[in-house]
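To begin, one chain is listed below as structure tokens, in the form predicted alone.
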């Protein structure tokens, strides 16, 4: 049994609390938040769990082995750092921090102390994304040329971060996971309509040295609710639609045939094959993510979305922010 403490009970925090408390090998002993009303709500749902507004009191509890950080983004770094310095394993929601230097410090602290540091890149644990990764690695899609994503909705407008920082970490993490490469350059264009200086619609393009690319469209000002990832390969193409309740993944046996000889005429021919819908063993991605964190603690494993993965995603976000501020000019990533 892994004993946990959680800090942050805002929009997303109660979902993690529910899932961690539902695991056989975990229990959340104490929750911390500055909002006493939020503490009363969760206290009524989990009467055996302690609540506090004092984070130091949570860290002073010697039974707490790991800390779940689901507080507002600007607090991720200081709260996660304090937990690591106290010798705890840490699960921190995305993004891991607001600066790459801060994220790298958290990674170094976790590695020095032999602690598990995991970032909440939820979609990496979605069964449909797991299946997509298997298809990419097996070569079923052929050579992956590019992918593009749409994460759109009307609402949940934030004042302390733009749409890219709020929504794009999901798709950046999946793009890096599926392509398995370090990005080379990032370009981002933002459109601002609702609040001065805070783009509510962003088009982000990530390029890789291999020639592969990922294009990410995020917006909280759109008439449709869209959660879609399209992967285009040389043999097949795949579409993951997270809004579809039953058919999450569709495989299109479509492509362009290249001849093995040189000719001027019909050099390229289109191929239109069947559309298949593979069976996906659907389980709640958040439950799988929480279980993975506990398994990593118990078995001494490195998480799929570990601190280094969090740093990679943050590098893209930082570069995207610089590109936004430079009017969409591409930003080359250091070390690429």
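Bear in mind that the values here come from a model prediction, so they are computed numbers and not experimental data. Residue numbers count along the first chain shown, from 1.
If you look for the form predicted together with a small molecule, you will not find it shown, but the lines that follow are about it.
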Using a 4.5 Å heavy atom cut-off, which stretch among 65 to 73, 43 to 51, 294 to 302, 275 to 283 contacts the small molecule in the predicted bound form?
65 to 73
Name the residue from 88, 248, 94, 217 that puts a heavy atom within 4.5 Å of the small molecule in the predicted bound form.
94
So the small molecule isn't shown here. In the predicted bound form, which residue out of 116, 79, 178, 141 has a non-hydrogen atom within 4.5 Å of it?
79
Is there any non-hydrogen atom of residue 331 lying within 4.5 Å of the small molecule in the predicted bound form?
no
I'd like to check something about residue 306: if you look in the predicted bound form, is any of its heavy atoms closer than or equal to 4.5 Å to a heavy atom of the small molecule?
no
Give a yes/no on whether residue 231 approaches the small molecule to within 4.5 Å in the predicted bound form, heavy atoms considered.
no
In the predicted bound form, is there a heavy atom of the small molecule that lies within 4.5 Å of any heavy atom of residue 170, even though the partner is absent here?
yes
